[in-house]
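Just one chain is shown here, as C-alpha cells, and it is the form predicted on its own.
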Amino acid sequence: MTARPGAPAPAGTGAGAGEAPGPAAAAQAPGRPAVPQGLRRDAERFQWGSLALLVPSAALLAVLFIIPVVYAFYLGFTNLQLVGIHAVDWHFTGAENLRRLAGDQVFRYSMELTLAFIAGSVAGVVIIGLALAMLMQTALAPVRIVAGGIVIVAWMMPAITAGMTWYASTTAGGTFGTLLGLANSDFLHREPLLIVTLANIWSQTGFAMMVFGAALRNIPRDLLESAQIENASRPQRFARITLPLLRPTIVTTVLLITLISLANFGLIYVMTQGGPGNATDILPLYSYQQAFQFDNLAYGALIGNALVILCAIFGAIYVRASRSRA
C-alpha cells in the first residue's frame, strides 16, 4: 500500500522495525537532551585543584614525621653526645657507628629479645583476645559486663601503673607468690622476659577483644546456621567459616599489637629497666640507655633507626598479607 503524500510513515518503516534510532537521531529528537560527545562524566581524571586540599596534611606529615626521621638517620652517622665536647662540636663520621653496631653483641642480643617479646605478645594477645570475644558472644549479660569491664580497665590502665602492678605482684612477697604458696619467690627476676611479656599481654588483650568482638558481630548468622544444619561441629564452623572471615581483622590486629608492643617502653622500664643484666633489654630500652645513660646520642639514634627499619619490615609484611587475601 502506497502512503499518501504528507501522511505519516507507518510504524516499522524507515529505520526498520524494532531498531533504535542512532545517536544523531536521538540527539535531534524533540524533547530529549543532547548526548554529550566529549569526555564521559564518570571517567577517572585528575583535578589539579585537589592538590591544594592535600597541602595541610602533607605539611603536618613532613614536619612531624618525615623531617624528624630523616634527621634521626643523619644523627646516627655523627658523633653527637649528650654531654662533653661533642655535645656542641659534633660532625659527620660516616660509617663509624655502623661498624660499631655490627660488632655490638649486646645489640644482637637485644634484637633477639625484641623478636621473642613481640612474638610472645602478639600470639598471646590474639589468641586470648579472640577467645574472650567468642566467649562474650554467648555469655550471660552480667558475666559479659563484669569480665569485659575488667579486661577493658586493664587495657586503659597507663603503662606506668600496669608496670607497677605487675612489679608488686611478681616480686618476693607479691600476690602471685602468695597465691601459689611461694611467698618468697621472685618470679620477675627468675623469668624476667616471660613476666614482662605476660604483663604486656595483660595490658593489650582488651583492645584485641573489642576488635574481634566487632568483627564477630559482622559475620552473617545465616552462614553459621546453615553449617549447623549440615551437622558441622563447632570446631568445623570455626575453622571453615569464622576464621577465614576474621583473617583481615587478624592481620590488622597483629600489626597494631606489634607496633604498640614496640612502643610500650614504660611498662618494661618500670618493671626491670632492661635487667637483670640485659635480660629484658629490648631495642627501645637499649636505644634509651645508649642515648641518655651513656650520653651517646648518635649511637642511640642509630639503634632507634634500626627499630624504625624493623617496624617498616613488619608493615611491609602486613601489606603483603593484605594483598594476598584479596
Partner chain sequence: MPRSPRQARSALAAAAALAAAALAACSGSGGAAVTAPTKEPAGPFVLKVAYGSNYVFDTTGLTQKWWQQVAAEFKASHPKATVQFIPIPGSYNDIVTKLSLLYRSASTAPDVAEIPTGQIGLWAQAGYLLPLNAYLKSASWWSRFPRVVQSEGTFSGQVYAVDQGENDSALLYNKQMFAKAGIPLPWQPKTWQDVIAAAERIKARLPGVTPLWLNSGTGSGANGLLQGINNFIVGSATPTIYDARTGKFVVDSPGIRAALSLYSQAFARGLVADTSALFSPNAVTTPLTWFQQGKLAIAVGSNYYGGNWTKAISAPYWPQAPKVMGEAVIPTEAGGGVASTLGGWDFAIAAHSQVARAAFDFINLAENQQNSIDAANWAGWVPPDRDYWTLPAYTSFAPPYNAFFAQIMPHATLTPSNAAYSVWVQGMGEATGAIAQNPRTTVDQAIAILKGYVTGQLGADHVEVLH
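Source: prediction; values computed, not measured. Numbering follows the first chain given and starts at 1.
What comes next is about the form predicted together with the partner chain, which is not displayed.
Proximity of F77 to the partner chain in the predicted complex falls outside the 4.5 Å heavy atom cutoff. For the chain shown alone, A172 is a contact residue for the partner chain in the predicted complex, at least one non-hydrogen atom being within 4.5 angstroms.
Heavy atoms of Q81 reach within 4.5 Å of the partner chain in the predicted complex, making it an interface residue.
The shortest heavy atom separation between R100 and the partner chain in the predicted complex is within 4.5 Å. In sequence order, G277, N278, Y286, Y288, Q289, Q290, F292, Q293, F294, D295 are the residues of 277 to 296 having a heavy atom within 4.5 Å of the partner chain in the predicted complex; the partner itself is omitted from this view.
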